[in-house]
Structure formats: C-alpha cells, structure tokens
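The chain below stands alone and is given in structure tokens; this is the form predicted alone.
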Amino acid sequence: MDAIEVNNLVKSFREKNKLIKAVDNISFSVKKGEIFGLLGPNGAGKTTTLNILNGLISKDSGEIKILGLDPEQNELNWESVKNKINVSTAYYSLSEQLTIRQNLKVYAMLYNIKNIQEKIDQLLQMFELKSLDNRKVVQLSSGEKTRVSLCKGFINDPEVLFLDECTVGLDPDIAEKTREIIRDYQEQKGTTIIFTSHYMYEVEELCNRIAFMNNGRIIKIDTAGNFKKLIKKTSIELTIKENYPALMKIMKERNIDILSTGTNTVVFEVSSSTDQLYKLMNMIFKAGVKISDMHMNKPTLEDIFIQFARKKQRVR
C-alpha cells in the first residue's frame, strides 16, 4: 500500500493582483517505508506541497490520501491522520520563551505520549542536546533550534514524517550524524519520509526516489542513479608530463569537446561510456603522451538540478 497518494493537486496564491500557481496539478505516490525526496529551486512548490500534506494550509483542488485515509473526507479521518504524522522544518517557529524541554513536553502532551520525560530524554540524547535541555529556545543557535525541531518531529514515532530542510544550519559533523539518525530510525521503524533539501549529496544518500519540481510542477520522478544517467558526458582533466602537442592533435582529430586548457593541463568531455574513454586513453598512451595526473568528474545530482532549475527540457 502507498503511504501517500497525491492526484492532480493544485494550490494558488494571489500576489499583487496576480494569481500564482504554487502547486500546478501534480500527482505522485510514496510507498510505505520509502524516503521520497522533493527537490527544486526556491519557489518550486516543495514547501507548499508539504504544508498541504501536513494540514497547515488547504488545497484548491485535487485528492490526497495519507495512510489510506482522505483527511478531508471527515473530521475523524483527519484526527486519525494527525496522530500518525509529524513534521520537522528549519523554518518552524518554536516557542522561544520556553526551554527545550518545555517545548518538547507541550508537543508530547498534544500527541498523548506516554512516559513523556523518558521519551524527551531519549530524543535529547539522540540529538546531543541533553546539556541544553533547560535553556530557552531564544538563546539557542540556529543549528541547535534545528535539532530541537527534529526532536519535535520524532516525538510521536510517526508513521509519516515530513522533513523540510531539516539540516539547515547544522555543522557538517552534526549534519552527518543527523543523516545517520534519520537513516537508522527509518530502517528500525519503517517510517515513510518526504525529504526536502538543497544539499544534493544528502538527498542522494538518503532518498529511494526523487521528484524534481520547478514552477509548481513535477518534471520527473526517478532514482538518483537514473537521474545522473541523463547526463551523457563526463569531464576529464589531464595533467601532461610529456608530449602535450600529440595530445592536442588527438583531441582535434577525434573532435573531442575541450572545455579548457592550461600550460600542461586539458579539460575535455567524452561520452560517459567506459568503453569510449578506454579507447581514447589507449590512443593517447600509444601516441607517447605521458600523464602525471588524471581526474574524472562524473555527472552529479547537482548537475541535473541545475539543468532542471534552468528549465531546460532536455539534458545532454
């Protein structure tokens, strides 16, 4: 069963007497136990989509099912759904005049959590906040606030968890630990997660599938590996020890796309096919070119992100 089903979802806002479609007739589904990434530039519609799914704002039209239930069908359905979901976002406002522990206690009571203090202690330990538990939120750094929001998101052991830019402001070490916590938690609990981030490497690391959004629409849904296959070329940087002219002659004869050259370096593009690169390098060696260094820049998820964000309909 799919944990989340979205069909023909639409949401518009009025801005300066102009109607803007923040979410423009999108459809997707998320499997139970899947980590599903939503990617796109600022204003793509990611956060609006999450806010509709978690009930913060209403949709204009379309259908939504969460854990098999339609939240709008009746109030009892929505209450049932709310108790099984949670959200953590870097942009969520905690009560700044309450301490970390007080904030978490409020949310624990809202979710009718048993053994509240034990649960809070567990989360504070998990996110390395135990020594700060009686500090007011207003006194925290942005990274510390982000971790408190994560504690809030995990407080009810949700079946569906929405994570919106949940590592913003974290130090690299803490961010890496946070990704490990998310991954371990998901594996242990089977939680369904929708994950948004501008950090391509963590999306690739965590997400089973990814939906790219732009201008309120979903452009494509696939795995990170399949997305990277859309870029058909790999860039190679060679540092030449001897016989630079012979290398340049081969480049010209083979119509190789040269991106840049230096005194003893050349950066060029070839097909991502391993066979083609092997044949080219074999030809270079036979020509007597001696290489002191070689660096291969394989296609990344960020390359795809940039091309989709620029509204290109085709990728090379």
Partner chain sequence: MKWYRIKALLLKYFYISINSVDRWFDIFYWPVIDIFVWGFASFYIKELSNFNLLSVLMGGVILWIFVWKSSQDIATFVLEDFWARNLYNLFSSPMRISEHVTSIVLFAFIRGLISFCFLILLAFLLYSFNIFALPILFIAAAVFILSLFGWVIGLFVVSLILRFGQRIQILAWSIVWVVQPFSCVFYPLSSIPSWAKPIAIFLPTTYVFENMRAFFLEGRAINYGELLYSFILTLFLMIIVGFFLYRSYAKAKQSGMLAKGD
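Treat the numbers as computed from the prediction; the structure is a model and nothing was measured. Numbering follows the first chain given and starts at 1.
What follows is about the form predicted together with the partner chain, which we do not show.
Open item on the list: Given the stretches 193 to 201, 228 to 236, 169 to 177, 78 to 86, which is the single one in contact with the partner chain in the predicted bound form, using a heavy atom cutoff of 4.5 Å?
Closed with: Correct option: 78 to 86.
Open item on the list: Is Asn112 part of the interface with the partner chain in the predicted bound form - any heavy atom within 4.5 Å?
Closed with: Asn112: yes, in contact with the partner chain in the predicted bound form.
- [ ] Mark Gly55 yes when one of its heavy atoms lies within 4.5 Å of a heavy atom of the partner chain in the predicted bound form, and no otherwise.
- [x] Result yes; Gly55 sits at the interface with the partner chain in the predicted bound form.
Task: Distance check, Gln122 to the partner chain in the predicted bound form, heavy atom within 4.5 Å - done: Contact check for Gln122: no, nothing within 4.5 Å of the partner chain in the predicted bound form.
Open item on the list: Test of understanding: in the predicted bound form, would Arg209 fall inside 4.5 Å of the partner chain by heavy atoms?
Closed with: No, Arg209 is distant from the partner.
TODO: Answer with one of Leu94, Ile240, Met126, Val160: the residue that has a non-hydrogen atom within 4.5 Å of the partner chain in the predicted bound form.
DONE: Spelling it out, the residue with a heavy atom inside the cut-off is Leu94.
Open item on the list: Please tell me which of Lys189, Arg183, Lys130, Lys136 lies within 4.5 Å of the partner chain in the predicted bound form, judged by heavy atoms.
Closed with: Of the listed residues, the single hit is Lys136.
- [ ] Using the arrangement in the predicted bound form, list in sequence order the residues of 99 to 114 with any heavy atom within 4.5 angstroms of the partner chain.
- [x] Contacting residues: Thr99, Gln102, Lys105, Val106, Tyr107, Met109, Leu110, Tyr111, Asn112.
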